[in-house]
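Listed next as structure tokens is one chain, alone, in the form predicted alone.
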């Protein structure tokens, strides 16, 4: 599973979201690759991704992509990230 964590600049909050997503995937026992990206790079990265994780504001700015876009309201909230990933991993 490939996941792209997206923020505006691709260096701060997307790296935090990437790290938290990796922790959740590990806890769920899911093999996945998580990439941090800025909004412009995310459009290309999403072409072969399964999921894009981002904020509501950036989800609108991202526009249509091939991957499913999942809005994360709080990048620090491990429970939210777990619940949203679990819903997509377990189907």
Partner chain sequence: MDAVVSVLEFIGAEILNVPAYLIGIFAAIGLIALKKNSGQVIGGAIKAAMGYLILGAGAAVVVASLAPLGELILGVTGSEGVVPTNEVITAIAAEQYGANAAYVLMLGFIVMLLLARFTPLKYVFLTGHHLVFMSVMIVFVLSIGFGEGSGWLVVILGSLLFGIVLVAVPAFVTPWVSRITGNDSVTIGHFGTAGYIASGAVGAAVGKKSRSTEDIDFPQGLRFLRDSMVSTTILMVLIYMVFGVWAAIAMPHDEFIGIMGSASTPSALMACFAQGLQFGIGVAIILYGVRIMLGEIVPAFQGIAEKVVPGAKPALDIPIVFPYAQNAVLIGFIASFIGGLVSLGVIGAWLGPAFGVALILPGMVPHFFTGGGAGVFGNATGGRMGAIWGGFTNGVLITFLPAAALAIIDRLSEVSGIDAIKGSTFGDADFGWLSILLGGSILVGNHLLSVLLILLIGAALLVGAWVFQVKAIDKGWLPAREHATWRAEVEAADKAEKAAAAERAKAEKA
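Everything numeric in this text was worked out from a predicted model, so none of it was measured. Positions refer to the first chain, counted from 1.
What comes next is about the form predicted in complex with the partner chain, which is not displayed.
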property: Any non-hydrogen atom of residue 13 within 4.5 angstroms of the partner chain in the predicted bound form; result: yes
property: Interface membership of residue 65, the partner chain in the predicted bound form, 4.5 Å heavy atom rule; result: no
property: Touches the partner chain in the predicted bound form: residue 40 (any heavy atom, 4.5 Å); result: yes
property: The partner chain contact in the predicted bound form: residue 58, any heavy atom under 4.5 Å; result: yes
property: Residues of stretch 67-88 in contact with the partner chain in the predicted bound form (4.5 Å, non-hydrogen atom); result: 76
